[in-house]
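Take a look at this one chain, the form predicted alone, written out in structure tokens.
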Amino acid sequence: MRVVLVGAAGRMGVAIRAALQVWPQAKLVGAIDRLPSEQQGITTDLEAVLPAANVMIDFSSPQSTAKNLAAAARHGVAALVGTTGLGSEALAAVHAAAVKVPLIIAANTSLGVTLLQELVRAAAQALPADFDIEIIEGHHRHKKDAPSGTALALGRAAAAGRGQTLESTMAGDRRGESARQAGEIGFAVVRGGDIVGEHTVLFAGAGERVAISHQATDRAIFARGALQAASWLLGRAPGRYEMSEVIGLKLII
């Protein structure tokens, strides 16, 4: 596997570069970031390094992902995108690139979180509709998007379990005097310190609660998951795939 890493100087970029050093079947052929660094071998020229790659791993920014995917598609390079907070332009680029190359857009590359999403979907399907659903997520103080991409993915899983969409069930701002509406999926956000990633999905009924949680204590788990997903993409037909397919997850219900 010949990897071009975009966002090489960021938290995830540093973790993936470290993981690549002990991943024998992979080689880093290009490291890209918005600020070049000769000492770290980082450049800003994605087009120059893509011809040597067969997969691009992108942990950059929502503003950069659209052009990065377009470049990967032009060069026939598979793509694993872990950038969250993607807007309409980036999502359109995902659709266009998937016609030409295999790709995964992963809100979270942890294998544990991949399982968590399926557990949440199954719980939402199994429990009565009068159980309220609240998603509590925590990250480090520097994370910009809130709720996190993982929290939103968990919300989509819960909504799907009830045969709905997150857009139709996502609770609005309840900081005022508004009461919780039946059927809403709510979000609570914690930002502080160096929290790597904590997610709990709470199903709260009358007289009982069910909580399903995942806690990440080391960013290396995301790096290993990203490399596993990138490797899985090689040789696949063009199209958009899911992290659940990477681990061969069987639907619980």
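When you see a residue number, it is the position in the sequence shown, counting from 1. Predicted model, so just to flag it, every value in this text is computed and none were measured.
Quick note: we don't show the form predicted together with a small molecule, though the next part is all about it.
Report task. Find out whether any non-hydrogen atom of Arg34 is located within 4.5 angstroms of the small molecule in the predicted bound form, and reply yes or no. Result -> Looking in the predicted bound form, residue contacts with the small molecule include Arg34, since a heavy atom lies within 4.5 Å.
- If you check in the predicted bound form, is Asp145 within 4.5 Å of the small molecule, heavy atoms only? Although the small molecule is absent here, Asp145 would touch it in the predicted bound form, with heavy atoms inside 4.5 Å.
Quiz item: Is there a heavy atom of Ala9 lying 4.5 Å or less from a heavy atom of the small molecule in the predicted bound form?
Solution: Answer yes; at least one heavy atom of Ala9 falls within 4.5 Å of the small molecule in the predicted bound form.
ask   = Any chance Ala158 has a heavy atom within 4.5 Å of the small molecule in the predicted bound form?
value = No, Ala158 is distant from the partner.
(Q) If contact means a heavy atom within 4.5 Å, which one of 75 to 83, 179 to 187, 128 to 136, 115 to 123 is the stretch that engages the small molecule in the predicted bound form? (A) Comparing against the small molecule in the predicted bound form, the contact stretch is 75 to 83.
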